[in-house]
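Below sits a lone chain in structure tokens, taken as the form predicted alone.
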């Protein structure tokens, strides 16, 4: 079995978010289980890699021009996984006004590679595993027929390679003007346009849903939630038609990358049996670093994007106002929407027990994961979420909303705290409950920290589900 895992980012090479972590850890875990897997991504200018060699060039017809894409090969660090990097001026950067163009072009290059990879570049491939909207066009571009009403009409091209599309976050669907379809050089009739105030448009992700063999999401609960209309009527219609081909597989966590027993960012290392005293020392250093008063008050942490549509930051802001008389502390680290930055900067100025750091600082993030007592993840929706897994790995109890992967990974009162309705009142009530437990029952709080650290989210478990899926897809 040969698998090509196609993505827009890979940790150790180029990282924008959680997709990069999965795009490194899952192929490495598959390789360790004996799967012949390679990865493909654009060769952005920002990527700095040693021991890389050019293995050839692809001729790609795009926007009525013949383009040459140079393909480079390297290995993912600390692994035997081959990485193929695609170099072209259109692929120099990740995001700007031409981001849809960029990934449509990249997808066409990958599709071309898959069709002409006989005994070169790791091919021929049995499965192409696509990720999010950036690579969702690949099934269509390799000759797949629409999966609605055409199950018995597979093409010669699509028979030779099966396709999987993993949805990491439906919030981002890759919307583009309909002119993009003309650049690809394919008939207009195979796309599914819709009207906008600026004219006809397409969503690259939903085009993928129409043509791919299997759709996976990154948690079982999210696989159920996406059929309920949160992300639009069009998504619901597609998933109702394709409900038998949607599979939810929980993401894993790279437990070597996230390990409090040897994390170089931490001043003290610890295991489950030494978590309480070690975290107390790290907490004191964290308070000093972010200029919070030295205190034994419960310290809440937040690490993530300031995303108003998803991350529950409106709930946090409202809860802060209701917690005025409570003895607690809060540290927030993240970048994002300007209005949220302004809001949390003001809250930090007005409250001596709140610190807000507007930057991306992985070293500080790791200290927040380790030094906080509770990690806030009150998301409106969460496909999987790594924040709660990392927090538990570091003995910090996650306070999450019951949605998506948060519901699948956190057990209320055992490994963390869970609330239901998406309201500031529900979050506030849970925070009061947590503060009370921290103050009045430290023994139980400490035992929960130990229990959280012992939960195994490693890819060694989750990768088995992907291997079973790959085998069933090829068997069918």
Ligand code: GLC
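The structure displayed is predicted, hence computed values, not measured ones. Numbering follows the first chain given and starts at 1.
There is another form of this protein, the form predicted in complex with the ligand, and it is not shown here; the text below is about that form.
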In the predicted bound form, does residue 19 come within 4.5 Å of the ligand, counting heavy atoms only? yes
In the predicted bound form, does residue 385 have a heavy atom within 4.5 Å of the ligand? yes
Does residue 400 make contact with the ligand in the predicted bound form, using a 4.5 Å heavy atom cut-off? no
Report whether the minimum heavy atom distance between residue 305 and the ligand in the predicted bound form is within 4.5 Å. yes
I need the one stretch from 377-385, 189-197, 73-81, 275-283 whose residues put non-hydrogen atoms within 4.5 angstroms of the ligand in the predicted bound form. 377-385
Of 310, 288, 179, 261, which residue is found within 4.5 angstroms of the ligand in the predicted bound form when only non-hydrogen atoms are counted? 310
Candidate from 393, 168, 367, 203 lying within 4.5 Å of the ligand in the predicted bound form - any heavy atom: 168
Can you name the residues of 192-228 that have a non-hydrogen atom within 4.5 angstroms of the ligand in the predicted bound form? 218
